[in-house]
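Given next, in structure tokens, is a single chain: the form predicted alone.
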């Protein structure tokens, strides 16, 4: 139907209804219950829309096809908002649905059938600030983001298949030893067409589709192979920090996988430090993972401390060896007296808890001096070195 309308260049609208919280309902209540719930939603929408076409799409999406008629479209939107604004009643349960509404206007906002389908497909991938039934539009920006995401996913799949992800290392400076004493391993991705692709872009995509598990294993194996080959501990590097994602921590066999790789390359467990963020430790499963890894001597770092999720309870509850102060906290302290006092108190508190501190984002000699004076034992940042490929990292240790 849509194909025919596009072919005849007829003006029409598609209203995509994406159930933002349907996945969580299915996870908590089960597949059978969620199917009954979806049938109830469809019945109530059909009753409100009367003879206007309602279609089921892949995933948890529905679509309404509306002919060229602004008043009719407004009536459809109001009807959908009215139905989804009220709880769905199933037996003795009231379930409030959260829906993202995406309006696609042909040919004003999309020009081809491919554009229409891409916008529909992307409807449940957009993180809207609100899910209260407010209508968003399938604009050219959405299509650009959708196609960019598709290209990046293709690049990631190719990189995994060919082993062309790169692991860079950023050295960490010891104030007491006055030399590099550890390093953080960081994943990098480049493509001939797209160029450098930031981890901030591709890591969330990888976590969403499960690819992060293979990427995480690739990074860990690459680090262990390098450490074993180079006997990195003989070059003054006590341990390498490797980031652990939320998805990795959720795997029941994560400890066996990590121990297995370390055993394969005969890497001492104490030569590995696993970094987790406070977003990760909001999950109960992390405690068991940490305890099982600590038995063998693996240590843990709390990364990005000082950002929005910072919570003293997390430092007290979990057995962290290192707390890493986020660069935003360090930089703000350099220009704000109150922030500087807060940083000093934070450093003193962490020290009093017998944990080590890494201050990130060190870029100037003045920052280095101030952080050392307040007791930051370890420093990381461009002042010492940006993240560099393995060959350059090893050369810096030798030099």
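The shown structure was predicted, so the numbers you read here are calculated from the model rather than taken from an experiment. Positions refer to the first chain, counted from 1.
This next part talks about the form predicted in complex with a small molecule, which is not shown.
- Per the 4.5 Å heavy atom criterion, the small molecule in the predicted complex is contacted by stretch 193-201, the sole one of 147-155, 193-201, 83-91, 229-237.
- For the marked spot (170, 243 and 331), a heavy atom within 4.5 Å of the small molecule in the predicted complex is present in each of the three residues.
- Residue-level contacts in the predicted complex: of 188, 208, 292, 321, one residue has a heavy atom within 4.5 Å of the small molecule, and it is 188.
- Although the partner is absent here, residue 181 lies well away from the small molecule in the predicted complex, with no heavy atom inside 4.5 Å.
- The small molecule in the predicted complex is not approached by residue 105, whose heavy atoms all lie more than 4.5 angstroms from it.
- Using a 4.5 Å cutoff between non-hydrogen atoms, residue 275 counts as a contact of the small molecule in the predicted complex.
- Under a 4.5 angstroms non-hydrogen atom cutoff, the small molecule in the predicted complex lacks residue 60 among its neighbouring residues.
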